[in-house]
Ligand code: RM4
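Encoded as structure tokens, the following chain is the form predicted alone, with no partner shown.
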């Protein structure tokens, strides 16, 4: 039976959704999955990383994200040392600002974990010595805040975590591997969709950004994200609408137009399909909670 690492076993009782686990060295650990996401930074040694029927070697400098129920384990450990940053995406309110416009962000945090669940593949981000030193310094600061838990630690820890995400997203953009560059092109298309979420973006436009034919782009996008560009766009619009419904008192019709729906009835149908509630019922439930 697959072992599932539970949130209540790996996070502080106060509920803060970020935790740091250092493994220096990493000992043998049975195959497992998580109720949370995990950013893994390999700081030393090497091993064989196994996910399902696929495996590849990890060495110092490799960085990857494990999210969802994907089972994985480390074998053939040789002085393997890791910094594991555990986080609960649904509980974080990061305020990413313009980070989604960085293709490396989508490649590392959206595309790789999503594709790995259906099509396991080698991690693509490998840090230079200088980049590794910068990431470790930020991880050290994050860990200190989480250990001391002084007043305001939540703000400071979140800020350090965001710096790590931002730095790694930029580092991915310098990825020299052909496979990494291919994902970056899809990341560029996702970034373009993010910047133009309020309007309908044609498939031809996205394929051109990714330097692919429309047919190839659709196939690769589906493989990388598990959905079509249209479905992905609708999901992002619904997420933004949910945020506006929770944090503003603007009219539902205005919110629908602002997030890119030109028909409020179509917006309501898509919202109900995604959340199981009408926009009005969703807002009422949030106000009660």
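Since the model is a prediction, treat every value here as computed from it, not as a measurement. Positions refer to the first chain, counted from 1.
Absent from the display: the form predicted in complex with this ligand. The rest refers to it.
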{"query": "Non-hydrogen atom contact residue 5 with this ligand in the model of the complex at 4.5 angstroms", "finding": "yes"}
{"query": "Contact test in the model of the complex: residue 72 vs this ligand, heavy atoms, 4.5 Å", "finding": "yes"}
{"query": "Contact of residue 38 with this ligand in the model of the complex (heavy atom, 4.5 Å)", "finding": "yes"}
{"query": "Heavy atom of residue 246 within 4.5 Å of this ligand in the model of the complex", "finding": "no"}
{"query": "Among the candidates 26, 51, 233, 67, the residue which, in the model of the complex, approaches this ligand to within 4.5 Å (heavy atoms)", "finding": "26"}
{"query": "86, 165, 146, 171 - the one with a heavy atom within 4.5 Å of this ligand in the model of the complex", "finding": "86"}
{"query": "Location of this ligand contact in the model of the complex, chosen stretch of 126-134, 196-204, 74-82, 100-108 [non-hydrogen atom, 4.5 Å]", "finding": "74-82"}
